[in-house]
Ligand SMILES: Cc1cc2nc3c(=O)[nH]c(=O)nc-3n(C[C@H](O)[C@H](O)[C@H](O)COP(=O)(O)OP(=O)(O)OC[C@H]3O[C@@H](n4cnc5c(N)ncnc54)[C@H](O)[C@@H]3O)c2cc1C
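Only one chain is included here, represented as structure tokens and corresponding to the form predicted alone.
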């Protein structure tokens, strides 16, 4: 039997790992398809962006973790579940048709981009490690440009950073990068009397809606004390030309715009032929089985994570797209798939909330734990780090991250901007250009040589 797992995020990787263990020695094959050969641990993206953690330490090589799973680096383009066949585009840009017996859909999600004028051209997302590295390079390059310009208006725009979205991603990313800029400014004497402007725009009435209201207010007050301009019940209406127009009427220039307003299911969900809800998520039952139009389970089809509308047994609503839910859905899905193979009863997915942890920069955070326990400040920050370090796959990565944290405690932050990493061929392309003042190849005259037989000038 061949089990095809589409997606190598939390659901795909952990489901494949559990299937490996539960089906060891059974002769069944697990195939995982993912665009990259690694799993990225998203809760650490803000610290990777701020330089507290080396970016490559927050990704885990899938081949290192999944020893008995066949990894195909590529993307599933289409699925014909009736024929049990998937069309895959490999990294070599070659099509591959793969037959399967059971399908696990876990492609995850992509950023939800709204039709705001100028947004697609100017905004930076914050969902992948590549975006985190790029954002760090952009922020540091803004400091360099601001130090060099003599135009006060341009400098003000360069040092204005707008984050849209007051959930976990937006708040944690802003807090970490504000820490980074605060530390970096000590090394810019040209900017000693300049104060960067940080604006956090949120359409809801409060930040961090998943948290207790008291903790959310504490987080907002803490950001405000650090100079962050928090705009609640406000939307970004336009970003054209680098001019931010907010729904409250404020208009100002900003060179940096970060978009963290949520996610939508991966586009693959629309190519599967399975029913989806009004948000594009695949409908599943409490056992993680994909449902048809009549609400019956489709044999051999399973889904979980951000792409699936998995019902919460307590609220009855679909589970939120969090890492904690994804991890536990992956384990339940794998167990139920194995139970189906072995003819045993399935178990319902149940998730007991074990708390919410939010980092607000170095030594600051908020934590909401079971039993109505609320923690603020240093200990909440410490719990956030400790919990996610324990959940990070492989001892190798946990040790590396702990060493990164130790280094940042003992030495100043690294403020190197490696923006050229996004343009690796630029230096070579410049070297290939003719020196200034020379004629193009097509206009150059052929070299003159002397014909020894006739003692006259000749052209070859």
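Just so it is clear, the model here is predicted, and its values are computed rather than measured. Residue numbers count along the first chain shown, from 1.
Omitted here: the form predicted in complex with the named molecule. The next part is about that form.
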| query | finding |
| --- | --- |
| Any non-hydrogen atom of residue 35 within 4.5 angstroms of the named molecule in the predicted complex | yes |
| Residue contact check: residue 324 to the named molecule in the predicted complex, 4.5 Å heavy atom | yes |
| Residue 268, heavy atom within 4.5 angstroms of the named molecule in the predicted complex | yes |
| Exercise: residue 165 in contact with the named molecule in the predicted complex, heavy atom 4.5 Å | no |
| Location of the named molecule contact in the predicted complex, chosen stretch of 331-339, 208-216, 91-99, 165-173 [non-hydrogen atom, 4.5 Å] | 165-173 |
| Contact residue in the predicted complex, from 274, 381, 198, 126 (heavy atom within 4.5 Å of the named molecule) | 126 |
| Selected contact from 223, 244, 140, 76, since only one has a non-hydrogen atom within 4.5 angstroms of the named molecule in the predicted complex | 76 |
